[in-house]
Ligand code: SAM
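So this first bit is one chain, no partners, the form predicted on its own, shown in structure tokens.
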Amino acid sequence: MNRERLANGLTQMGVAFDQTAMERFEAFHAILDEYNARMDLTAVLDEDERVDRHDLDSAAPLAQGLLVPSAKVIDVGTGAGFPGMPLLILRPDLEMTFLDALQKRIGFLTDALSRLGLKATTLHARAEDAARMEAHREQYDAAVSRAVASAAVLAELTLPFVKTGGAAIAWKGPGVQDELTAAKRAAFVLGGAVRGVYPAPIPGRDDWQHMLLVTDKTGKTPKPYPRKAGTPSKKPLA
């Protein structure tokens, strides 16, 4: 791993880190490579690209001050652990839950957490099913997701996890402005309200830019939501 690139990027973003965090990032990259050799976890193999597209990109909410100390956070559709793992490495105070529908990814993350000496919860389930579990419904200060889906779909997959006063944070491309009308309608149905869109630039990169769509949880999510697994993506609320 290119420690200098990661350290410089985090510094430019205004995100605090220490030596332990750098060591854990390096170890996590090694574990990711180990598992990626036998299962498809990430297509980003170049180390510099991985630092930019995975580590620095995942840290964007910290640059914007969007996660309060000791926040209870769920990473919905975490995949190979992004954005949750970089967030946890940089902020071990977070009470993190990694949610994914594929058991092999959850197995990878469980092993990685143990080897990194980090405490977190892993959950193998579809988001639509997990959000109906009493232990997870409206229990989190924040739900984060870098999953590839429309803003309206992500709202239904994340807001039901968030308690009133918390927020859902979704990584979107520059075209998110075109999705805002639908996102606002979906948020209203789900007991939320779109706060706004925050820039999430990667230092030194103009060719790769995410935006953070932040939706506040203003009231309880009605019982019918989320709808059964697969329905949100097939029939978005808006």
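Bear in mind the structure is a predicted one, so any value in this text is a computation, not a measurement. Note that residue numbering begins at 1 and tracks the sequence as displayed.
Unshown form predicted together with the ligand; subsequent notes refer to it.
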Of Leu90, Leu94, Leu99, Ala167, which residue is found within 4.5 angstroms of the ligand in the model of the complex when only non-hydrogen atoms are counted? Leu99
Taking 4.5 Å between heavy atoms as the contact cutoff, choose which of Ala120, Ala151, Leu157, Ala112 touches the ligand in the model of the complex. Leu157
Using heavy atoms and a 4.5 Å limit, would one call Pro86 a contact residue for the ligand in the model of the complex? no
Does any heavy atom of Phe108 come within 4.5 Å of a heavy atom of the ligand in the model of the complex? no
Even though the ligand is not shown here, does Glu128 get within 4.5 Å of it in the model of the complex, heavy atoms only? yes
Does the ligand come within 4.5 Å of any heavy atom of His136 in the model of the complex? no
Using a 4.5 Å cut-off on heavy atoms, which residues of 71-91 contact the ligand in the model of the complex? Gly77, Thr78, Gly79, Phe82
